[in-house]
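There is one chain below, alone, in structure tokens, taken in the form predicted alone.
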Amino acid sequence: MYHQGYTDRHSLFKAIITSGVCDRLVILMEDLAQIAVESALDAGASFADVRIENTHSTVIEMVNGVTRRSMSAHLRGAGVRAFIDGAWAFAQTTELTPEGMRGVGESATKLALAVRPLVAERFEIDGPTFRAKEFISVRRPFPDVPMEEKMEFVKQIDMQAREFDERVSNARTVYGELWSELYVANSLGTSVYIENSLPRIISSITAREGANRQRAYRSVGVKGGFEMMMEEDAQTVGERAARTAVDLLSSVAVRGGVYDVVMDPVLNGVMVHEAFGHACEADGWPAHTTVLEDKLGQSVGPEWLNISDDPTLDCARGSYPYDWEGTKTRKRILVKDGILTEILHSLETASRLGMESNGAARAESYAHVPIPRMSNTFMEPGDWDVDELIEDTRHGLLLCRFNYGYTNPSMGHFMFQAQYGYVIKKGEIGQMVRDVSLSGLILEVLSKIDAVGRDFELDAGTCGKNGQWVPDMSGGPHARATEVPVGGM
């Protein structure tokens, strides 16, 4: 049945996809996806899937009270994959009409047929089927909030940072929001519609005293509407970043050596995410690019070590109910009692390795291919009180937050520079230190963890892999690792 006022199906499709009316748009996405999948199968594909996306984003950037950037963007299009005997091909389009979807389905299959003779490993794609519509409910949707209110919020954070102390020499504040709707379908019968809403506020501060310059960074990112930016963490992010930068002016460079290191939840989360989590992404197994390749079912740490990746957490920036292949998500327990028990799968890796897909396939947008990715990754809390953990450390360092670093999942090597730290002497926190880095082999460091706190905190981030960036969170409790190499002066 055609909507009144439109005389042909092409005009109807184009009008609804432009309008963004929710109920009609879901129906439209279903019809368009079916056309693309059927077109790919008719052209010779044994498996095909499609992602149709409609995303709106806004970014406001202010530096020292001056607005440097204020922009909105609208991303709309579809990506189609075709699969034949181990050969993948991917095609994309912004022409969201029956003709456009039929053409992109055929194009993807023609590409797959062309590369099929070059495939070394033949396999088939199989997996569960899901049908769902997941609508997100927020109190203040981004379109309902005037741009003036968003600008005022950014100005408030910028001002609180600059007014915190006269030694604050530079303040950069960035607010970002992203609202998206995604429809995923495949030839197995999956049909899933999901919505997402992600606000984030970032404060980056430089403090200066003579020739001494120090920098600090804070951000708050969650899943929800603009109302989440009214919470205390978001409302005070500028002040907290400024306090750290000013405190660092009186810090000293740490002396390099071997220390017992207590990691705060943020640095602990970065280590777990970067050095261990990426090695758990299952595309590293067929490619032989993970240090964990022969460790599944084996010990990777002490019996009190537990690491999880959970995309089902409420209000977490890295959460999603279904992945970009339409697979329902669940909590993935990567390490249980020190044993590597699970890895992060897409439909392809699960099919190739004879395992179960667990909803870890993610893509930056419709224009990218889904690959195994983390969501909210963390070390599970233990049974140590944080004060007791510090008191039990006779000579060491408390390292906090994160500046930069690198990791090599194939070798398991990592290096992270903490944003700041404190000397621990005889169980008491002492001098603040800076320019301190933590490095080593991840399996060696995990084996040295002898105490895990009962506290818990997640920190928002954006994770990069293979040129794709996706929202995530990482964290956990305070945790102590003994005799770890620490770089400094």
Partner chain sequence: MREEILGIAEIAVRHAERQGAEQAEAFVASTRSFTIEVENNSIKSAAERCDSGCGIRCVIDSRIGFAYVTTIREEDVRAAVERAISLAHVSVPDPDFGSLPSASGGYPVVERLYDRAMANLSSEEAADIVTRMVDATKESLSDYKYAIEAQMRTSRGGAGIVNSLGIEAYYEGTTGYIYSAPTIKTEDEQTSSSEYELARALREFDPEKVGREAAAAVIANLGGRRIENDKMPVVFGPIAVGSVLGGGFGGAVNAEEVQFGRSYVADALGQQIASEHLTIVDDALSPGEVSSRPFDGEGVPSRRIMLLEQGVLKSLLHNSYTAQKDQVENTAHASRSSYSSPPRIAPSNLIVQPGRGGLMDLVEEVGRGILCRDTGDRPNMTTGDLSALVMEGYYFENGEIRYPVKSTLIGINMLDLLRRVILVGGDVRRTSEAITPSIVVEQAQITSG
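Positions refer to the first chain, counted from 1. This is a predicted model, so every value here is computed, not measured.
Another form, the form predicted in complex with its partner chain, is not on view; read the next lines as being about it.
At a distance threshold of 4.5 angstroms between non-hydrogen atoms, E444 is in contact with its partner chain in the predicted bound form.
Put simply, R454 is far from its partner chain in the predicted bound form: not one heavy atom of it is within 4.5 Å. Contact check for K223: no non-hydrogen atom falls within 4.5 Å of its partner chain in the predicted bound form. Its partner chain is not drawn, but in the predicted bound form it has a heavy atom within 4.5 Å of G86. Contact annotation for the candidate site: P286, Y406 and S437 all lie close to its partner chain in the predicted bound form (heavy atom within 4.5 Å). Contact annotation: of the candidates M355, I333, M415, M159, the single residue with a non-hydrogen atom within 4.5 angstroms of its partner chain in the predicted bound form is M415.
Exactly one listed residue, out of D165, D233, E95, D337, brings a non-hydrogen atom to within 4.5 Å of its partner chain in the predicted bound form: E95. Of the candidate stretches 103 to 111, 309 to 317, 389 to 397, 182 to 190, only 103 to 111 has residues with heavy atoms within 4.5 Å of its partner chain in the predicted bound form. Heavy atoms closer than or equal to 4.5 Å to its partner chain in the predicted bound form belong, across 70 to 104, to the residues S70, M71, S72, A73, H74, L75, R76, G86, A87, W88, A89, F90, A91, Q92, T94, E95, ordered by sequence position.
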